[in-house]
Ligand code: HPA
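Form predicted alone, single chain, as structure tokens, below.
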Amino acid sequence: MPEVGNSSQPLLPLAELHCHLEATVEPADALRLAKRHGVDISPVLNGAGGYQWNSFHEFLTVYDAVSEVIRTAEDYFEITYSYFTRMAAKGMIYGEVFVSPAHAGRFGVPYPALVDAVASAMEAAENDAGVVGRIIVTGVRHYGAEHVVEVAQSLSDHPHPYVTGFGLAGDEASGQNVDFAKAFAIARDAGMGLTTHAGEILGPESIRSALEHLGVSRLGHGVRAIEDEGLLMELAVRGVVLEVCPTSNIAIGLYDSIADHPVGVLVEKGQTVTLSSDDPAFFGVDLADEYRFVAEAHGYDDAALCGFTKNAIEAAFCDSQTRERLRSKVEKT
């Protein structure tokens, strides 16, 4: 039988739609990059070889600090290739990563160079390990609406075949979704798939607002829809996909444990659920762990786990030819 993340056995095919590229950098790699660029990141490290933070807002600050060690296009190539090949060895066949031009731009990596570096690494990882990658260009909402419009305009002005989506991340409580409608309209006109973080820090009202003003087909997290039966029905009717990241929700204190997490109830109530790792290096997990944790908590067999992968492939921001190739990989399992 296929195993999740066990390379000595046939691997279960995994697919991920919600992962921040900067947050895939493991602490040891961050230290190596910090040394390369003369950056001191010791204040954000704990004594156990991990990153340290105590609240969601502290997490955002530490995230920015770790991102400061990624300073060149070569760095972006390196971390992207490392992540995709590492996860291919655990069964990942497809992954989309959020890429933030704001973080890259702080150290002079312009948008085209950033995208070229990440895309080149994805192409190399596919050639070497068989894993397919795509880019979701992401604005940071607590940097302001004008920033997010600039990001969307860069995406529109510099099309790239590996850039297939647009998203909004950061502090969910910063600004109103209507403030970002212009940016999403630009991305929609550029042919992008649309997603946004909603229904994590804030409740169902943030999801309703995202649907109304941003026109997204996917929700980053979206788990707090569980608090509103009417909203659950609306999401099911619309076919909106939830990018669920269980460990992330637990780490920020939204739920106490995987047993308390509503992923299983969301599935039972007819939601289209996918599994992702969000910020794997910060939480000490990866995509294979997320699949395993959910399987153990809910007694899911391989067929049920493959259901999450199939959901992700159908919801992926990729072309039809790529989707068909991915479907065939799952069907062979």
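This is a predicted model, so every value here is computed, not measured. Position 1 is the first residue in the sequence shown; the rest follow in order.
The form predicted in complex with hypoxanthine (HPA) exists for this protein as well; it is not shown, and the discussion that follows is about that form.
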Inset, instruction - Report the stretch among 85-93, 167-175, 107-115, 254-262 that approaches hypoxanthine (HPA) in the model of the complex to within 4.5 Å, counting heavy atoms only. - result: 167-175
Legend entry - Proximity to hypoxanthine (HPA) in the model of the complex, single hit among Phe59, Phe293, Tyr300, Tyr51 (heavy atom within 4.5 Å): Phe59
Inset, instruction - Answer for His197 alone: is it within 4.5 Å of hypoxanthine (HPA) in the model of the complex, judged on heavy atom distances? - result: yes
Legend entry - hypoxanthine (HPA) in the model of the complex - contacting residues of 77-107, heavy atom within 4.5 Å: none
